[in-house]
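Just the one chain here, the form predicted on its own, laid out as structure tokens.
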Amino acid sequence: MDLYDLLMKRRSVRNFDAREIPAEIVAKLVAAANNAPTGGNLQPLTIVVVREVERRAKLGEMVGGQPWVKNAPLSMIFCLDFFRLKRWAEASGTAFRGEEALSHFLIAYADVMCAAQTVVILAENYGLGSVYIGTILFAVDQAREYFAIPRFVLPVMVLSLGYPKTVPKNIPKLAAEIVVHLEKYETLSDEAILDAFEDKYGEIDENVERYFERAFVEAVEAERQEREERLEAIKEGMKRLQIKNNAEFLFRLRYPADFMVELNANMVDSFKNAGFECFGS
């Protein structure tokens, strides 16, 4: 299989079998991450490799009770690390103040995600599946304490990996011409945008499980693995909120707009607890 075909067949996997990933493959995944692009070659990256069953279970609890984190034989916590750079600068008689500079933070975050995606691609090449877990951002204080993460280091993404037991077949995406604009940004009409997302998700039909297979596969997989009440709770929420279309489902139920904004304060506080002052007072 060539690289294009590998990338096009990639899916987020949340159902892993019990096989361990050989140590030599884990070593190659980490080496590839370490070789990923990085602004100024500063490498503000640390990866906490989590394989112990107890720690996997604890990590799964932290990120919202996602059973695939516990069940995956390997998780990697990708951290934005300014601690090492600050120590190096101080030991060398100078100063690094990246934790105060939003530009440093944003470039470092991009570096971390470049490293993580490098692991995703190489993992696919070895027959592994993976899934990103972003909700570690809502548990920064807890994760820092449990995994002994020092100040000036932020856990920003978890990547759980293993040999797939099942792989989602078709995950809907916007058409390429909606995402890619030639030479300058093309402002689409409301009608074109509505049509694009309708083509992506389809209608919310009466068979809610079938809709979730397209639009909310996490809920289906959670019910299959452990949380049998998950789908029923979502169905009840859809009825209560009288959800009529895909945008309402996403921004009133799955990612409620007001709730997502309310999370800002807690996230900024946890970032500041880690020493990051680049988000203002």
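Numbers for residues come from their place in the sequence shown, where the first is 1. Computed from a prediction, not measured in an experiment: that's the story for all the values here.
There is also a form predicted together with a further copy of the same chain; it is not shown, and the following applies to it.
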query	finding
Site test, 114, 173 and 245 vs a further copy of the same chain in the predicted complex, non-hydrogen atom cutoff 4.5 Å	yes
Residue (of 57, 241, 233, 31) lying close to a further copy of the same chain in the predicted complex, criterion heavy atoms within 4.5 Å	31
4.5 Å heavy atom contact, residue 50 to a further copy of the same chain in the predicted complex	yes
Any non-hydrogen atom of residue 210 within 4.5 angstroms of a further copy of the same chain in the predicted complex	no
Contact test in the predicted complex: residue 10 vs a further copy of the same chain, heavy atoms, 4.5 Å	yes
Contact flag, residue 252 vs a further copy of the same chain in the predicted complex, heavy atom cut 4.5 Å	yes
Stretch 165-198: residues contacting a further copy of the same chain in the predicted complex, 4.5 Å heavy atom cut-off	171, 172, 173, 174, 175, 176, 178, 179, 180, 181, 182, 183, 184, 185, 187, 188, 190, 193, 194, 197
